[in-house]
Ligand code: GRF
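This document starts with one chain, in the form predicted on its own, laid out as structure tokens.
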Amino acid sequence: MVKINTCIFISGKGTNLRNLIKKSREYNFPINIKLVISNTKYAKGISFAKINSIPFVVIDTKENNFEIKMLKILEKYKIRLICLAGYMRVLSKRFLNLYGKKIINIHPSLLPKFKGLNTFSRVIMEKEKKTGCTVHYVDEKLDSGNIILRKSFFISKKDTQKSIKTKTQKLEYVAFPEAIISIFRYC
């Protein structure tokens, strides 16, 4: 099986990165993680790249032309798919147009509800009955690209922000790999 060269963008703990690395080691999983990019040098997720001997780059997004630098690195590694896994930075329209390949994101709500940050507190404040996660293509608007898939669960009266976050993350570990499989099923 020819696997798709993939880069994972992270900003934090990297639990989705860890899960995707594990899945990518399966023979029939369609991606090969060739690179990890972080916009934070203290991102804990970098340790998963190190442990698994995956090259990683920290890019200071305050630098001028940081997106051009990213594009050159992506080209060097022949990256065809970018997975945003807790990457806390919006990619510019210019970057999206110049990259021109697949970029997907996982978001901890049932989009289009609760785009952006603080999703778990907003879910509780709005007294939602159900929540979950969404994997979607990235476009120039925040959390607005075409949806690939959603996974959901019902919220109990005992749920807190912490328990909703834990349940959502468990769903993400299933949803992200399923979405990746679905977009490359007929390639």
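Since we're looking at a predicted model, the values are computed, not measured. For every residue, the number given is its place in the sequence shown, counted from 1.
Beyond the structure shown, there is the form predicted in complex with the ligand, which is absent from this document and is the topic of what follows.
Looking at Lys13, you'd find a heavy atom of it within 4.5 angstroms of the ligand in the model of the complex. Although the partner is absent here, Leu81 lies well away from the ligand in the model of the complex, with no heavy atom inside 4.5 Å. Contact annotation for Ile104: none of its heavy atoms lies within 4.5 Å of the ligand in the model of the complex. Of the heavy atoms in Gln169, some are within 4.5 Å of the ligand in the model of the complex.
In the model of the complex, Ala85, Gly86 are the residues of 80 to 100 with at least one heavy atom within 4.5 Å of the ligand, listed from first to last.
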